[in-house]
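Only one chain comes next, encoded as structure tokens, the form predicted on its own.
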């Protein structure tokens, strides 16, 4: 009998949280291997040689097989029958719609939410330097262009991003958007459809959603049900 996969992650990482929620929802056994990014544990030579050559999280070890990148991990485990079809469909038409979002988000929602978070929260923490208001405004503008697309296109006529039920697309997107809480950005103020959708995603994924976002809630000082 094969051993459970080893899952290397940090709850500060958006895709780490997404996979953590997906694994829990899938009832998939795994070994917790928490990596403290803020302590630079991923930057050591030992980590590079023994865990992940790209020195990032999330990543997995599956009986000696090492794999990085969250979407690659998702597809690998789905192919092994570890992810239920209601989260990541097997039927190619339904799967392609989920994949469409996963491919779209890399250079749009994920990139711009991450850059806003990095500019407003992470870089000042690491360097002690405060960004200019113009730089913050530029990052916010880029991010909101993609939030507009989520609000007006992906959620135009459905409860979830790719249809009437929750999929991994919703989990990955929610984790990206929740990250902006730590940069004092409340997406719920400007985006009513996203606000209602986030509530549905959280309800569909709990208690795992709140456990995965403990770090975000603590740093931002906003609980999961904080009012506007």
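Residue numbers count along the first chain shown, from 1. Source: prediction; values computed, not measured.
Below, we refer to the form predicted in complex with another copy of the chain, which is not included among the displayed structures.
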Using a 4.5 Å heavy atom cut-off, which residue among 186, 69, 159, 41 comes into contact with another copy of the chain in the model of the complex? 69
Listed residue (123, 99, 85, 144) with a non-hydrogen atom within 4.5 angstroms of another copy of the chain in the model of the complex: 99
Quick one: which of 26-34, 178-186, 196-204, 54-62 gets within 4.5 Å of another copy of the chain in the model of the complex, going by heavy atoms? 54-62
Can you confirm whether 75, 80 and 104, the three residues that make up this candidate site, all sit within 4.5 Å of another copy of the chain in the model of the complex, judged by heavy atoms? yes
Answer yes if any heavy atom of residue 154 is within 4.5 Å of a heavy atom of another copy of the chain in the model of the complex; otherwise answer no. yes
Residue contact check: residue 111 to another copy of the chain in the model of the complex, 4.5 Å heavy atom: yes
Please determine whether residue 136 contacts another copy of the chain in the model of the complex, using a 4.5 Å cut-off between heavy atoms. no
Output the sequence-ordered list of residues from 132-148 with at least one heavy atom within 4.5 Å of another copy of the chain in the model of the complex. none
